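In structure tokens, one chain follows: the form predicted on its own.
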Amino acid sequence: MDIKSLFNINPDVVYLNHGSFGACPKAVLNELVRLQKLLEWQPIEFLASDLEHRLAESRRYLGNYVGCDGDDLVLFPNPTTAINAVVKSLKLSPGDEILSTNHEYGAMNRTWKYFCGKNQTKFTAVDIPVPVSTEEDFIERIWSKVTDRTKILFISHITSQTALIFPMKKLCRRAKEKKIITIIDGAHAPGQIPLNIMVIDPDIYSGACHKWMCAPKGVSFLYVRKQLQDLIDPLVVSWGWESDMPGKSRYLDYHQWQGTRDMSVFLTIPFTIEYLKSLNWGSLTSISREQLLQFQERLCSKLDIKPMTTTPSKWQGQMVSFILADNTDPEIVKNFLFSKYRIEVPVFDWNGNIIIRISMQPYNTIEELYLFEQALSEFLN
């Protein structure tokens, strides 16, 4: 099967950048258009009569997929918006601390910087050097910075730039012992690795469906533990505030409806999950991951680049990053790869290092990886 033909990706581009914005299959986009046509055919029936039931069905499917009660999920357009709803609801005192790492997503760093500036709280990014080795070393590095003022642990499940899978379950268990609230940025996790939120047991978890789950752009979720749901204020105050027709929970009332918008994109979740099942997507992605990890080993042995971990089977999924020894401007590297070889990959500066990140989905091929190796070798030499 030609997997790439199931997507709208330009066939003339070697697209090794699924991690940035995802890619949506043609069949899922067709389902989105079908739902949008239903909305336009009878807007009142769709939005006023059917929508609540349809959203509940999407949450149920998604809950089964990510391992939690669907009614503990609220659908958001992206994890940044979802986590902003959480951050702006926090009641912290001046001097309280949010503990994180130096591997976090830039938009989230800005969110916390804004919040801390308004509330005289402290955001501490623990230095996690690479290559990472053991989970125990990672956890101890974080725990060595915990103080009596540490109230929040904010951390990525899979980091955006360094593409590392952090040990969430162990961190959450330890934070619970200290009564530290855990907020997990899981943007890259759903669809890339098996995810069971209840097993990880965070207080708050946000993930994207439009990345590795291949849903249309603008589908993400926020999970909040039931005991904390009433603490999360609506980011936009609308009809759910003091609702005339209260639903299952105030949590859903507050966040589910934020004014008129096209909600069709959220309703594609059941179709997306079933469609991936029909392709045996789990097996295909396992093959992609194994191919990528083998290629990483080959690349690091041949070229002057450094991996992010000494044990890739524990720390990496379908996305890996490398450190270039050459400190060339990232834009020069990126432009060379695209202009000469039509290879689309992100290249960026992370803590003074030049990073290249490769994503590997079933629509990618070994031949594309070898072409990347040829192109990078030419650039470095």
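Numbering starts at 1 and runs along the sequence shown. Note that the structure is predicted; figures quoted are calculated from it, not measured.
There is also a form predicted together with a small molecule; it is not shown, and the following applies to it.
Student: Residues 97, 121 and 124 are flagged as a possible site; in the model of the complex, is every one of them within 4.5 Å of the small molecule by some non-hydrogen atom?
Tutor: Contact check failed for every one of 97, 121 and 124.
Student: Which one of 200, 269, 158, 153 is close to the small molecule in the model of the complex, taking close to mean a heavy atom within 4.5 Å?
Tutor: Checked against the cut-off, the match is 158.
Student: Sort through 295, 257, 138, 105 and report the residue having a heavy atom within 4.5 Å of the small molecule in the model of the complex.
Tutor: Exactly one listed residue reaches within 4.5 Å, namely 105.
Student: Spot the stretch among 248 to 256, 273 to 281, 85 to 93, 179 to 187 with residues whose non-hydrogen atoms come within 4.5 Å of the small molecule in the model of the complex.
Tutor: Result of the contact check: 179 to 187.
Student: Please check if residue 20 has a heavy atom lying within 4.5 Å of any heavy atom of the small molecule in the model of the complex.
Tutor: Residue 20: contacts the small molecule in the model of the complex.
Student: May I ask you to check whether residue 78 falls inside a 4.5 Å heavy atom distance of the small molecule in the model of the complex?
Tutor: Residue 78 belongs to the contact set for the small molecule.
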